[in-house]
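Below you'll find only one chain, the form predicted on its own, shown as structure tokens.
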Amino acid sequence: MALSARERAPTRVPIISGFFNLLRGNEFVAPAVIYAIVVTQAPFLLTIWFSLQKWNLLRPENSRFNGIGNYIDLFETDEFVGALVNTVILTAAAVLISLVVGLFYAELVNHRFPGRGIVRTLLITPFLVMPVVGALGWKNMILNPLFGVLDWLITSLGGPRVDWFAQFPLASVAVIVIWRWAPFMMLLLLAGMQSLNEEVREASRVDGATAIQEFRFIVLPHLRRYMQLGILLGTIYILSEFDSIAMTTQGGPGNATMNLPYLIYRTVFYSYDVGHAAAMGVVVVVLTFVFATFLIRLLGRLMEGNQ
């Protein structure tokens, strides 16, 4: 019995079929979409595959499929759990404080005053400095206990000399990260403030609103989307912070400043353990998604309370 043309046609996987149907109507966008998928998703899928392998470059003869064994091993080690906690604390503190400081900067330079252009340039400068250079500058010129500017100022006022990276290691690293990312938040929020219709603010002043009420009930709700974007991008980049730790504390003293990116670096280049390092990389990706979603929803609830 002869089959019809539809019956003879090979069966396609629904996801693949839908993908090709999407590209068929967007031929000009298709090359960019395919390139983005290959560049971003192919390495991630390869990382997932490595995370399921027991593979140490020092003992390649023992390589084998390990399933979720690498993930179980990670959560049973104190070093990984400590690095996970440090990563969450550093990311949450840096993102939220950078957002608040950036909001203060944006409100400052959104008003006209003599020298506003110079002040705006100076506030943006930390974001333009290379992370390695900025971290070394803080380590050797500002927070150094012997000839750092901050300790010189404290001792000049009669205070004690402080070894910041020994006594307050995680807080010191957080200060460096906040110093670098607050200008980025300022740029996003300043763009949002300048997109706000000035007539709305003038109308609120005519109705008798104070400056604090105007900022709380008009400016902040308008900046909600900009804040969400800042939290999303800040979480993605700060969660993968590496330069500040590598140039200042190398995860020490002990494991006080060890975060997941630096632990992955040590696992690969010191222990040559590809399987466990890949598993940690997958955990970082999942943590980024969960953390950014939580902060954005938290900001949304706070903004709803102001409306």
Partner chain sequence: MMPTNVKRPLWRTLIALGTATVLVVGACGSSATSPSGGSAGTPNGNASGTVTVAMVGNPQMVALQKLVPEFEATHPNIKVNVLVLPENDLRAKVTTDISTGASSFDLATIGMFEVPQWAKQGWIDEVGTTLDANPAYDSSDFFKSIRDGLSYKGKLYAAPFYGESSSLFYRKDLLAAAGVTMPDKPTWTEVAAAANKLNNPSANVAGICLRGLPGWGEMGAPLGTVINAFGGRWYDAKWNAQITSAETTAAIKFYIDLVKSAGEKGAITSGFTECETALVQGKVAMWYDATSASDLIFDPKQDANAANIGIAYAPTGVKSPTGWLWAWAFGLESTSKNKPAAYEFLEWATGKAYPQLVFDKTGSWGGAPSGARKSLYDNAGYKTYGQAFNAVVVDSLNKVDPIHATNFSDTPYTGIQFVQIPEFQDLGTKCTQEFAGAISGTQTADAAIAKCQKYAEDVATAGGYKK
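Model, not experiment: these values are computed from the prediction. Numbering follows the first chain given and starts at 1. Superpose the two forms; the largest set of C-alphas matching within 1.5 Å is the rigid core.
There is another form of this protein, the form predicted in complex with the partner chain, and it is not shown here; the text below is about that form.
Q: Examine P60 and determine whether its closest non-hydrogen atom to the partner chain in the predicted bound form is within 4.5 angstroms.
A: Yes - in the predicted bound form, heavy atoms of P60 and the partner chain come within 4.5 Å of each other.
Q: Although the partner isn't part of this model, could you tell me whether F147 comes within 4.5 Å of the partner chain in the predicted bound form, counting any heavy atom of the residue?
A: It does: once the partner chain is placed as it appears in the predicted bound form, F147 has a heavy atom within 4.5 Å of it.
Q: Quick one: is I97 in contact with the partner chain in the predicted bound form, heavy atoms, 4.5 Å cut-off?
A: Close contact is absent here: in the predicted bound form, I97 is far from the partner chain, nothing within 4.5 Å, heavy atoms only.
Q: Taking 4.5 angstroms as the cut-off for heavy atoms, does G69 touch the partner chain in the predicted bound form?
A: No, G69 stays farther than 4.5 Å from the partner chain in the predicted bound form.
Q: Judged by heavy atom distances of 4.5 Å or less, which residues of 247-275 approach the partner chain in the predicted bound form?
A: Read in sequence order, the residues that approach the partner chain (within 4.5 Å, in the predicted bound form) are T248, T249, Q250, G251, G252, P253, G254, N255, M258, Y265, R266, F269, Y270, S271, Y272.
Q: If I superpose the two forms on their rigid core, does the C-alpha of F242 end up displaced by 2 Å or more between the shown form and the other one?
A: It does not reach a 2 Å shift.
Q: When the two forms are laid on each other by their rigid core, does L260 show a Cα shift of 2 Å or more between the shown form and the other one?
A: Shift at L260: below 2 Å after core fit.
Q: Verify the C-alpha shift of D73 between the shown form and the other one: is it 2 Å or more after superposing the core?
A: Indeed, D73 is displaced by 2 Å or more.
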